[in-house]
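Quick heads-up: it's one chain on its own, the form predicted alone, in structure tokens.
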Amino acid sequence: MRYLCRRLGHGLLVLAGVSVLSFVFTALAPGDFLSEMKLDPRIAPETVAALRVRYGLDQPLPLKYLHWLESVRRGDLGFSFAYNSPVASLLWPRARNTLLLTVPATTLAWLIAVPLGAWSASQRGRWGDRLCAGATTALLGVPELVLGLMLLLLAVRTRYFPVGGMVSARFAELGPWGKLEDLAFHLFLPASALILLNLPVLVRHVRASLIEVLAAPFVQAARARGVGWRRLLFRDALRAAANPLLSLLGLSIAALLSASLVVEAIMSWPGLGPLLLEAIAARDLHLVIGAVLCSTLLLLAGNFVADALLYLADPRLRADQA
């Protein structure tokens, strides 16, 4: 518990630092939500000034931050000028949609990467290993934007998968299985994009970790005693290589969340990505900070899970804490 509490304390410090930096940088950016109103001749300057006072945009930066902290204490996370609504009510549905996309994509990426990387490590130097290395290198060279557009083009050409959105227009009329199938069809393309973006890095790390373990003396001794290669690879070697792979889990979640912001915007998935872009375009201060903090919170939660799994898997950490 001391280990997990310390990691939780570090996460809270990161959240506090991100809130301060994002608030300062967003507030110091040129213009605000009411800037475009000044250019409209139909709106009187007095009206713009009154709105600036009403929303607190005329206050100094430290006072703005203190008022925002008070809204955080209330659970509102500030007020969205563009949506005329508390930020929290806008964030939670979008965060749920982002989790619905990233959690299955992360799970499937690891389920594919571990056996593929193990097979590539077992085929080291052979044609299978070279083929796997060539495929992962090619995927690493494809930008997120290009991959998303290629999948959208595939959907348009085949007319089998929906082009964008999360559900179809007739979603409310479907039964339980029909709703699940409709959601899965809409989820397939953005999840595939995230899996393909994350898979090459995971495969290469699994391969490198297993190659290092397979050269260890205990593996050679086990092979000399006649232990089966498949049992040795997927049970003993993977267990010995678990530490760097669990540490990689937190980094992969960070990469997946950053990629999901782009993929969501390209494929019109109603997650945090499109909401953040709309907030930046509208110069909606509190909504930008709320979206950044929500993304940071999801990242910290993923790292916390990885740290907990690492603590359970590595007895040396438990011995150090004792």
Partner chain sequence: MSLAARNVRTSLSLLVILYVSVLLAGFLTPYAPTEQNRDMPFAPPTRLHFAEATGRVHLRPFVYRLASDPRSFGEYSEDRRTMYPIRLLVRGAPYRIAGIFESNIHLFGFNERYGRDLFSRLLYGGQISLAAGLLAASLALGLGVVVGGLAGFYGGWLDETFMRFAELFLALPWLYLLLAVRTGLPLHIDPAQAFLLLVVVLGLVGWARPARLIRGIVLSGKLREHVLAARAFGASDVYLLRRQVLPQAAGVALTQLAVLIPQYILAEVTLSFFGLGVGEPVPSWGNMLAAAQQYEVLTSYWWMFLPAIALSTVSLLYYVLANALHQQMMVLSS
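What you see is a predicted model, and the numbers here were worked out from it, not measured in a lab. Positions refer to the first chain, counted from 1.
Keep in mind that the form predicted in complex with the partner chain is not shown, yet the notes after this line are about it.
Shown alone here, residue 152 lies within 4.5 Å of the partner chain in the predicted bound form, counting heavy atoms only.
Contact annotation for residue 18: at least one heavy atom lies within 4.5 Å of the partner chain in the predicted bound form.
The partner chain in the predicted bound form is not approached by residue 205, whose heavy atoms all lie more than 4.5 angstroms from it. Under a 4.5 angstroms non-hydrogen atom cutoff, the partner chain in the predicted bound form lacks residue 243 among its neighbouring residues. Taken together, 82, 179 and 192 are entirely out of contact with the partner chain in the predicted bound form: none brings a heavy atom within 4.5 Å.
Contact with the partner chain in the predicted bound form, judged by any heavy atom within 4.5 Å, is made by just one of 61, 49, 277, 43: 277.
Only one of the listed residues (230, 225, 157, 126) places a non-hydrogen atom within 4.5 angstroms of the partner chain in the predicted bound form, and that residue is 157. The partner is not shown here, but in the predicted bound form the stretch 289 to 310 reaches within 4.5 angstroms of the partner chain through a heavy atom at 291, 292, 295, 296, 299.
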